[in-house]
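Shown here is one chain on its own, the form predicted on its own, set out as structure tokens.
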Amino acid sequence: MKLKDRIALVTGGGSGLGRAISLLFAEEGAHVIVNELRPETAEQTVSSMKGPAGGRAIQADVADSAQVKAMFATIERELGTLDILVNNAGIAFGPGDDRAEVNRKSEALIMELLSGQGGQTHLDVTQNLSDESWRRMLAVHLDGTFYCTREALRLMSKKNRGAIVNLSSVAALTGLEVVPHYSAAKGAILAFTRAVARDVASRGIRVNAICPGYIDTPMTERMSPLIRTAVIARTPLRRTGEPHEVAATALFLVSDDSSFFTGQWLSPNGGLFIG
């Protein structure tokens, strides 16, 4: 078992990538703390674990500094330490975002491109973004990653050992015009990963990132069949990814197999971005 006797926290672990990562870590021997905004989904993940060390659910909004501090206080009180942090919690659209309208325009744009008559449809996503949507997107992704990392480092620094994985996205590498605020948040996470990796390397703490492509999760299930077909057509491996493929990447980055990796990003994306 690659994570025997280690304590891991996975934020947003109630579904999708976070759930797959939590279950795999548990199978590999870690005691996994599953964080979620909705406690019932975290409990479902914990109840599905098959590892010997088990886990526990803990509710907190990672965008709220006070709630994050309280979560880590509970971890320190009950478990004494933390070996692994996976900053996975995230949202695809912010409050007030018209997802249906973006999907409709995206489909129209695809049809125009296929017919060779592009230029009639304009997405105009950025100019229609609300302050609330922009701020919530950055709060969940970027603030949440910072708040959890800050608290995790306080625990990891006590024994000069630990591994942190931040979930970025292929959106940080290419930019996705339908979600500029998501792209901005994920790009900032990559820069944050590099900076923190340099900051804490002398303490034996490694910090890396994962930039997934299109993965079959609840976050992507609302894509229309046409948009999904277009995404697959742009992906050299001609399919979307599975959560377990991202979980395997996370396992590599937090295990001793990646002991000389820090400040890096890995991108399971099927060839959608090659760089």
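The first residue of the shown sequence is 1; numbering continues from there. Owing to the predicted nature of the structure, the values given are computational and were not obtained by experimental measurement.
Another form, the form predicted in complex with a small molecule, is not on view; read the next lines as being about it.
S.K.: Heavy atom within 4.5 Å of the small molecule in the predicted bound form: which of 38, 222, 50, 239?
M.R.: Answer to the contact question: 38.
S.K.: Under a 4.5 angstroms heavy atom criterion, identify the one residue in 152, 196, 179, 140 near the small molecule in the predicted bound form.
M.R.: Only one listed residue qualifies here, and that residue is 140.
S.K.: Counting only non-hydrogen atoms, choose the one of 82 to 90, 198 to 206, 156 to 164, 127 to 135 that falls within 4.5 Å of the small molecule in the predicted bound form.
M.R.: Of the options, only 82 to 90 has residues within 4.5 Å of the partner.
S.K.: Against the small molecule in the predicted bound form, would residue 54 count as a contact residue? Criterion: heavy atoms within 4.5 Å.
M.R.: No, residue 54 is distant from the partner.
S.K.: Under a 4.5 Å heavy atom criterion, is residue 63 part of the interface with the small molecule in the predicted bound form?
M.R.: Residue 63 belongs to the contact set for the small molecule.
S.K.: State yes or no: in the predicted bound form, is some non-hydrogen atom of residue 230 no more than 4.5 angstroms from a non-hydrogen atom of the small molecule?
M.R.: Because no heavy atom of residue 230 falls inside 4.5 Å of the small molecule in the predicted bound form, the answer is no.
S.K.: I'd like to know whether residue 249 contacts the small molecule in the predicted bound form, with contact meaning heavy atoms within 4.5 angstroms.
M.R.: Heavy-atom contact with the small molecule at 4.5 Å: absent for residue 249.
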